[in-house]
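Both blocks below hold the same protein chain, though in two forms, and each is given as structure tokens: structure 1 and structure 2.
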Structure 1
Amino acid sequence: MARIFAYIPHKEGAAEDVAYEYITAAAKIDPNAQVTAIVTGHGDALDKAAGEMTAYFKEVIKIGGEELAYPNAEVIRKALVNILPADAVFMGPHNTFGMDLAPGLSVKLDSPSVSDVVDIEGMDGSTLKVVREVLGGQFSTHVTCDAANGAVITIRPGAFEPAESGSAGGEVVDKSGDAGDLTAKRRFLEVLEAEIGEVDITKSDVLVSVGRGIEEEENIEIAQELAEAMGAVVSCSRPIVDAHWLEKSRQVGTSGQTVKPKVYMAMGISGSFQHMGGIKGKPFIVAVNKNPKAPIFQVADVGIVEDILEFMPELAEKVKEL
């Protein structure tokens, strides 16, 4: 029987959504698995998060200390290495924290590591079989690893259904004393908030969002004209911001804005999970892409295989005529 340990990320004591998704993921590994939540932090925030988790997990390990007040992966990894048993199947989130923590943790625990897991087929003996995506979601792959001596996996936030109301009646076990030496060569200083831009894309009901398919900076104008005709606002994917063609505040995605429009026009956007992760509230998604196999067509409501540089001006013309 697998012994699964799920790391619960939280903000000021409020668990992130992935906490409830682990439960579904763990059941897919082994429906009879013993699943333990691990919460780290300091003071009231730690107690609040650990307390909340007792409704969902039979056992909740809390590890507290001043050094753990901010989730510095370099510090948390040390504590986990001291606390996790040798055969632990560790689950973390595939987000900016998990990417910081998990690869090194797997090396220190000497267990195999699989990141960004989007589905789990199950455990056959000690062989764990999971699904992950490659090439920006254009293909999926089945991946196996021998978890006899444990494993480290990170799951994609949002890929598993969250567990509904919990009644696990679990207990909090304080393992702060076992965390060991928590000095690290990386010291957290501060968090700088993202700048607020001129346009607030989160307020618009309709977004004309451009991706790398826009090809050149001059072409942004084409999108602006379409947006104007539709009474919409222009947003974009990350490469457009990296190239400084639009300001950061127009970027949709996990490292940009979270938007909840009624209609989302994805123009030359492939549909990476980091981009789609910023689109909430189930808008009507229209995707225009010249590649009929672009992953965005799997999640869009309406798909059109066209060159956006030709399609957008024609659509703008027709909309203006209305």
Structure 2
Amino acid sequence: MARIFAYIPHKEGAAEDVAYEYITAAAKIDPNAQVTAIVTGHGDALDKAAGEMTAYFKEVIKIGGEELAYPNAEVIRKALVNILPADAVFMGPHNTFGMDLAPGLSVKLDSPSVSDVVDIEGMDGSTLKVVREVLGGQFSTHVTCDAANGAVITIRPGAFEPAESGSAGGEVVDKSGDAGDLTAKRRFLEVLEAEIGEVDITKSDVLVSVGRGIEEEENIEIAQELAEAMGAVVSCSRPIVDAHWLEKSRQVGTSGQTVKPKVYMAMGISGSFQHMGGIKGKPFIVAVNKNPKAPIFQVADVGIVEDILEFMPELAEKVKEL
């Protein structure tokens, strides 16, 4: 039976969505596995996050210290090496922190590492079988690794269904004293919050988001007309910001804003994991794209293969009629 450990990212004590997705991912590795949550931090935020996780995990390890107030991968890697058993299957989030943490951790543990996992086919003996995407999600690769000495994998946020509710009645185990030396060569300076523009897309329940399929800056107006008809706000993917067609504050993604709308209209957006990483919660996703193989269709509730420049004006008129 696999021993699975899940690193819980949190902000000021509030666990990120991927924390609840680990439960589904772990069950795919081994439905009978013992899954332990690991929470790091300092002070009240650490206690709040650890306490929340006891509803979902039977065991919650907390590691506290002033050095852990900010999730510095160099420091946390040192702590994990001293905490994790030799055969641990470790799951972390596939974000900037997880990509910083995982490679070095796998070296220290002498375990294989697989990044950006979007599905898990299970564990056959000591062989772990997972699925990851390449070339912007155009292809899926089935990866096997020998997990006899454990494994380090990063889970793409949003790839697995989150646990709806928890009643695990878990216990918090404080292993701060076992973390060892937490000195580091780099140190946290400050958090620079994303600039909020004239419109705060993080507060909108409905977003009309445009990508490369908008083709020209002048066509942004078409999206704006649809958004106005729906009582929505226009947002975008990174290429639109790079082209200076919309301001940075309207960008959704890991390098932009994190949003949690009720409805997300993805217009001409391919659906890369960098973009989808900025969408939290469980919004109703409507995707319109000319490419029937666009990765966005894998997560969309409604997928429409169509030219957005023809689709958006017609939809706007229908909405106005209603």
Partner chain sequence: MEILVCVKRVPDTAENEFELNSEGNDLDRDDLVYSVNEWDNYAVEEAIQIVDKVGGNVTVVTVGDDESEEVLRREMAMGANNGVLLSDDAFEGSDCRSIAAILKAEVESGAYDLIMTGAQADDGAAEVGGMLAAMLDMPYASLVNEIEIRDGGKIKAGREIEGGNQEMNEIELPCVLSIQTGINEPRYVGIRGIRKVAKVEIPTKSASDLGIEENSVGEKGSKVKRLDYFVPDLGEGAEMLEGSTDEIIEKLIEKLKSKGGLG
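C-alpha atoms forming the largest set that superposes within 1.5 Å between two forms make up the rigid core. Residue numbering: sequential along structure 1, first residue numbered 1. The model shown is predicted, which means the values in this text are computed figures rather than measured ones.
**Student:** Eyeball the pair and call it: which is the form predicted together with the partner chain?
**Tutor:** Answer 1, the form predicted together with the partner chain.
**Student:** Compare the position of the CA of residue 292 between the two structures after a rigid core fit and state whether the shift reaches 2 Å.
**Tutor:** It does shift by 2 Å or more.
**Student:** Is the shift of residue 263 between the two structures large enough to count as movement, that is, does its C-alpha move by 2 Å or more after the core is superposed?
**Tutor:** Yes, shifts by 2 Å or more.
**Student:** I want to check residue 41: does it shift between the two structures by 2 Å or more at the Cα, with the core superposed?
**Tutor:** After core superposition, the C-alpha of residue 41 moves less than 2 Å between the two structures.
**Student:** Looking at residue 227, what is the CA displacement between the two structures after core superposition, in angstrom?
**Tutor:** That residue's C-alpha is offset by 10.1 Å.
**Student:** Once the two forms are fitted on their rigid core, how many angstrom does the CA of residue 278 move between the two structures?
**Tutor:** Its alpha carbon moves by 3.6 Å.
**Student:** What is the Cα shift of residue 211 between the two structures once the core is superposed, in angstrom?
**Tutor:** Here residue 211 registers a C-alpha shift of 5.1 Å.
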